[in-house]
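In the form predicted on its own, a lone chain appears below as structure tokens.
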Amino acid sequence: MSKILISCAITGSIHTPSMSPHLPVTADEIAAQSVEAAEAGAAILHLHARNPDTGRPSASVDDFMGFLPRIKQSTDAVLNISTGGSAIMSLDDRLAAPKRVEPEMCSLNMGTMNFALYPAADRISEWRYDWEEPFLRNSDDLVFKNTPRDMARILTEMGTERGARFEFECYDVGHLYMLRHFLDRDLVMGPLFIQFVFGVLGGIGPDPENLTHLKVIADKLFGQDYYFSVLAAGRHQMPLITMAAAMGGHVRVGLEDSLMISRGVLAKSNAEQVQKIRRIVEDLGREVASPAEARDMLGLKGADRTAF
């Protein structure tokens, strides 16, 4: 088995501040938790921005620049910038910061889908901000738009023009076939880094047999020229990523994906989740990859060629 890549998704755009006091919101909090996660063993940091005053997901270049240079100065981890932003943002908004900062790596969602967050609203009794409850409850009518035209634009503007490589986020089997389509169009090249996403209402369910199935289809479509990683939402996080590690895959943790460290216990930081999965994968006999090894494995352009 190759060395294992640990990614950490620091804050995301799904969880709201009322869900956990440990969710990083300000630039100081995002930077500090990112550096701690890298020191704990995360080679890749997956980053979204937040409005520091309200905790709302933000597409602002200024909000990204509040933490990106500080993280880069403090760690050599690969900084992977979201192009998904939030499902309620326009594509122009989602691309504003990635185009400005020209990262080594960015995410790419591989299909339009329902993105239903509304069940989480029933678990919150006190809201810190007035935007949170409508944001969650209105997701029963939310479509996360990622059309072939959108994807081609991201591949061109971030990949061809700016040299970024991609974390291809695949929420269902059809997303793998869409990725094969873009490979056939020569808009992507190997080695691919495919993130299997489980447990989002609207995507594939968090069942072990679904992980096995996605791996079988990816092998059929991409042969040996890809790496797969797994993220799973909420309580499914650790069981499914442990399975992925045992299968030779890679893993993603972070407060974007789950706010918990164990049943009923909130994680106090992103680093706490990194430390837990690192113990697990090392007990399985896997060796954790460094940021330099991640860059070599994924063919990244290097931190010196970013614009921040």
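Numbers for residues come from their place in the sequence shown, where the first is 1. Predicted model only: the values in this text are computed from it and were never measured.
Form predicted in complex with a small molecule: not shown, discussed below.
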{"property": "Contact assignment for the small molecule in the predicted bound form, among Pro206, Gly84, Gly202, Gly159, heavy atom within 4.5 Å", "result": "Gly84"}
{"property": "Which of 177 to 185, 119 to 127, 211 to 219, 192 to 200 sits within 4.5 Å of the small molecule in the predicted bound form, heavy atom basis", "result": "192 to 200"}
{"property": "The small molecule contact in the predicted bound form: Asn109, any heavy atom under 4.5 Å", "result": "yes"}
{"property": "Contact of His48 with the small molecule in the predicted bound form (heavy atom, 4.5 Å)", "result": "yes"}
{"property": "Exercise: Ile14 in contact with the small molecule in the predicted bound form, heavy atom 4.5 Å", "result": "yes"}
{"property": "Distance check, Leu231 to the small molecule in the predicted bound form, heavy atom within 4.5 Å", "result": "yes"}
